[in-house]
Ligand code: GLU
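Let's start with one chain on its own, the form predicted alone, as structure tokens.
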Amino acid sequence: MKVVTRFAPSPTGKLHIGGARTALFNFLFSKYHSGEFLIRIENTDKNRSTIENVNSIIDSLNWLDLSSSQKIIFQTENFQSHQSVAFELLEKGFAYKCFLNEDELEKLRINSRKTGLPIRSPYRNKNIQNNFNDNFVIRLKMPSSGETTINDRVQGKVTVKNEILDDMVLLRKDKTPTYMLASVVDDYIMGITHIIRGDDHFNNAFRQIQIIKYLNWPTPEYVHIPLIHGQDGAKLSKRHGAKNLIEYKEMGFDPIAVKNYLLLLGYSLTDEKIYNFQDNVFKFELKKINKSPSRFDEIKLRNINSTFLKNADLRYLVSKIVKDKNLKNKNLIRNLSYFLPELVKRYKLLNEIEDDLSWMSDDFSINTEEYPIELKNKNSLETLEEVYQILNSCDWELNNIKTSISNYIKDNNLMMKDVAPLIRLAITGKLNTPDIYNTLYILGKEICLNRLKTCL
């Protein structure tokens, strides 16, 4: 059997951590089994679905490099199929027309809350096929006795009594399908073999599987994964600072690091290796999905991102920064290549490295109105004047630069901390940069002398 999985986000919001993890699990499972990973946008909620959210979701998936094996499907494109299935169920006696108005329905809801029993419409057992009133919904006629069992690959074997399942609506009064119907029909049309999704959908599975049974369709494997919680143990939400994936991209996280952290959220690993899921086939096994909720920790995500930067291929990082910042200056790109090995030791996010791009550029200069107080001190300026003269007469080799400044410090009974921060401020405008000797050497004699002269 060819494995086919799907990720089916609703564009009523942007893609967040939980959805991204679901997409990753589906992608990894299908890839390991040489199957297909499909994307379906479930946009049946016309009032809340937006093009902006659709684009954001697709951009997030593209950033994570979780691409669909086929063209992305929009659920609204299959409305006719959804309607056709609803009327087929109606014709076979597995569904019925319900003419309840809002007041009548509300009374049933109140009674349901009191008794704990599901809503059962009085039209369930009435023969009203010749009624010409079009103001009806189509409800699925759930079995009133017996049990339904699902052998979930994570939750295990779970059984519920059919009497607690409500007669869910398949088609609304305007004849648009509900999610509960559309999702099942689309999964059948797309040939989905494994439904990997959050366990907040587990209750839906017991109701949706009735449609599958009534139509004698193949039953997919169900894989309901526990939700992601915050550090307080509650479901991850905005109050935990939960962000959408585009925000993590803008903060400077690398998609490879993010995917490795997402894997840790609910999947058992015995090593701390950072995987490149595109180049390598990761052995994703459903039995290794944890049964208990995971807890999101942004500090751990940052640490994984930091580890990734320190061990990533230099060419990958340079090309990524060049692309993100649209860099075209060859000298700046050259400088970046030289400084990057040192910079990745200091930072955890790529954006923090990108902040150093300004002083690596040939045309960098410190705004005179923003000069640090250290560069306005008379003694500091005298020291910089002497450093300028030393560097001006120095043969520009790394050892020569280091020896010249070291001799100056020794001859004047100074310490490195008395001189190096001043040079660093004058040359880069910062106190936290790579080794000062390397910085001087790589930037070059002309640029360094010009920046010192500007300060003076």
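Quick note: we count residues from 1 along the sequence shown, nothing fancier. The model shown is predicted, which means the values in this text are computed figures rather than measured ones.
Another form, the form predicted in complex with the ligand, is not on view; read the next lines as being about it.
H201 is the sole member of R124, K175, H201, R334 with a non-hydrogen atom lying within 4.5 angstroms of the ligand in the model of the complex.
Contact with the ligand in the model of the complex, judged by any heavy atom within 4.5 Å, is made by just one of Y214, F339, Y179, Y347: Y179.
Using a 4.5 Å cutoff between non-hydrogen atoms, E36 does not count as a contact of the ligand in the model of the complex. The ligand is not drawn, but in the model of the complex it has no heavy atom within 4.5 Å of K97. Residue contact check for S183: one or more of its heavy atoms lie within 4.5 Å of the ligand in the model of the complex. With a 4.5 Å cutoff on heavy atoms, R197 counts as touching the ligand in the model of the complex. Along 1-16, a non-hydrogen atom within 4.5 Å of the ligand in the model of the complex is carried by R6, A8, P9, S10, in order along the sequence.
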